[in-house]
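Only one chain is shown below, in structure tokens, and it's the form predicted on its own.
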């Protein structure tokens, strides 16, 4: 007798997302923050960018300014932390490294979420999701939720259910949820909650009578394509279980690199902006060298604050570099082309550099007469290596030289230690 056919298991996609990532990263090293309303602030301690569930319960919204929240912080028991991107980046890298152990197919989508290719039956996939959740919690100390489905869009949707519905225990597998329950959940979820659909698209969909995710699932894909785009049609097909968004390969190149900061104290002199642009030019050089890139075009800009009642100015300049380069001297010189447009006395609140037309280093080696001696000697990587070992501000070129106590640098008055990347900031454990 012929052997029974073996059912081929189709690959599925797992979406893993760290819950309230910045807040969870802070709690990983400070257990006293557990259960307390916690927010992480934007640059210069401006406004809330991450809110713990307890902070959300107080009615705090993303973007609420800290100066308005501070007077009631003690009454609420609210804790605010300055952004600590070095800590968050390192914790993100640790999470992604752990996720990579569970699949050879990993796409890092953002600092706190990733897609994995997975295989197995319903029970095996649920076990895998629970194992991922437990492994990340045990080894890194941050909570994650896992959504598993045949498509990326459905995996994101399942993750949302896992996060907001305690019945799933933080792990939701599309095929493990009955059709009736899925339909009920889809009917209660606004179309705005779908990955890639923002407020403007939501309003256009509402005009067509599409208000919920279930409404969009039942819409005609061809009509959606004609009235919106092929991208929107793919979303409908993905919601129906047809994979249309492939796994992305790692991008080697980048379209642009932007190095921009707001000042904690306005800069009101040409010499002050010269120092700012010199420091940014050196740091942009280090960033290019780190990624093995060179830039052909540099744009420098500055801006006054639109919220202050004084004269406004937004000078900018675009410089075509003589050759693709990551040389800090050439980048700094190009950035200084902005200075003739800067006026003494104006209160500049922000400045930055944008590098475009990026190319891999040594992709087109210049002829010998046009070689840059500073790049040949590795000045940029040398500066970055010294800064990494001895701290920012320990070395610099020209106006970006050794400096301390600059009053325009970013304000982070409530920053926690960089526990995982600096020896002198390691957490201390006291034995009883």
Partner chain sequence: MGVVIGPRVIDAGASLLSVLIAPVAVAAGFPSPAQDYFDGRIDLNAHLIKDITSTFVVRVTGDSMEGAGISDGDELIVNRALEPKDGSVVIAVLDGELTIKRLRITPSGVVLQAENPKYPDIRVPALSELTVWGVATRCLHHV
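Each form is matched to the other, and the largest set of C-alpha atoms that superpose within 1.5 Å is called the rigid core. Residue numbers count along the first chain shown, from 1. It should be emphasised that the depicted structure is a prediction, and the values quoted were computed from it without experimental measurement.
The following text describes the form predicted together with its partner chain, which does not appear among the structures shown.
- Here the marked residues 67, 327 and 414 all miss its partner chain in the predicted bound form; none has a heavy atom within 4.5 angstroms.
- With the partner omitted from this view, the residue of 184, 178, 269, 316 that lies near its partner chain in the predicted bound form is 316 [heavy atom within 4.5 Å].
- In the predicted bound form, residue 19 stays away from its partner chain, with no heavy atom inside 4.5 Å.
- Although the partner is absent from this view, residue 262 stays clear of its partner chain in the predicted bound form, with no non-hydrogen atom inside 4.5 angstroms.
- In the predicted bound form, its partner chain sits within 4.5 Å of a heavy atom of residue 28.
- Contact check for residue 150: every heavy atom lies farther than 4.5 Å from its partner chain in the predicted bound form.
- Stretch-level contact analysis of 317-325, 125-133, 112-120, 193-201 against its partner chain in the predicted bound form, using heavy atoms and a 4.5 Å limit, identifies 317-325.
- Counting a residue when any of its non-hydrogen atoms is within 4.5 Å of its partner chain in the predicted bound form, the hits in 117-155 run 138, 139, 140, 141.
- Once both forms are fitted on their core, a CA shift of 2 Å or more is seen for residue 318 between this form and the one not shown.
- Core-aligned CA deviation for residue 300 between this form and the one not shown: 2 Å or greater.
- Once both forms are fitted on their core, the CA shift for residue 236 between this form and the one not shown remains under 2 Å.
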